[in-house]
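First, one chain by itself in structure tokens, the form predicted alone.
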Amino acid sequence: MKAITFVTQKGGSGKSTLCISLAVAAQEAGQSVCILEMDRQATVTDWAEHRRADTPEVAQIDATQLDDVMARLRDSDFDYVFIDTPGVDSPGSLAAIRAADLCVIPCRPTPADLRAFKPTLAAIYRLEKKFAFVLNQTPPRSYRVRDAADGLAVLGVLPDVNIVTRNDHQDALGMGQGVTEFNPTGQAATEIRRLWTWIAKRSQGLLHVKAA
């Protein structure tokens, strides 16, 4: 079982929405997934309550429960556990980084976001964890995306796909679906599938990228 932690200390980065749609895409690719939600905003839990399907399983936990829950999950049949963390610096975020096989850092192409992830990145370096940035909620075309990608690539690993701001993401969330379920042939679904393929290879050590 591989643990993927979605972490950033900047609220509003789209972390929970990204976690949800990637979990659904992973299931569609044949993987069994559960989501541990540590964010008190409970976006994932609310999504699950509006969902008709029984999977992925979702559990809301706090930092004190994480080690015990992870120990039990490692004896389960799950291929992946996704950990959704609070958008603030907290003991829960640090515990989730420590538990991760891969940390995914969503980042919008804004100056505030590009500054905000630095404490997160410092903790990841300190714990010697594998990580990747994801440019999230990007405009379809903008010099900001190019500039942000260039800056992030210097600091670490960046996939060759951005998640563009599209209505499908919020519409899917409201329906209790992943974006690949809501509009399977849409551009948002294509981007999420490409991103999941990249993350799956990275988490399994099949994608060898040298970080700066």
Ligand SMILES: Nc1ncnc2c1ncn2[C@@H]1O[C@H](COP(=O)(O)OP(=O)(O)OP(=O)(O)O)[C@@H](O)[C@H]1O
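Start at 1 with the first residue shown and count on from there. Nothing here was measured: the structure is a model prediction, and the numbers come from that model.
The following text describes the form predicted in complex with this ligand, which does not appear among the structures shown.
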Worksheet item: Would T120 show up as a contact with this ligand in the predicted bound form if we use heavy atoms at 4.5 Å?
Response: no
Worksheet item: Even though this ligand is not shown here, does R202 get within 4.5 Å of it in the predicted bound form, heavy atoms only?
Response: no
Discussion item. With a cut-off of 4.5 Å between heavy atoms, is Q60 one of the residues that contacts this ligand in the predicted bound form?
Written reply: no
Discussion item. Is S21 near this ligand? Define near as a heavy atom within 4.5 Å, in the predicted bound form.
Written reply: no
Item to complete: Check, residue by residue, if Q27, P184 and R193 all come within 4.5 Å of this ligand in the predicted bound form, counting heavy atoms only.
Response: no
Worksheet item: Exactly one of Q65, Q41, T55, Q31 has a non-hydrogen atom within 4.5 Å of this ligand in the predicted bound form; which residue is it?
Response: Q41
Worksheet item: in the predicted bound form, which of 120 to 128, 67 to 75, 92 to 100, 133 to 141 comes within 4.5 Å of this ligand (heavy atoms)?
Response: 133 to 141
Fill in: Residues in 161 to 195 close to this ligand in the predicted bound form, defined by a heavy atom within 4.5 Å, in order
I163, V164, T165, R166, H169, Q170
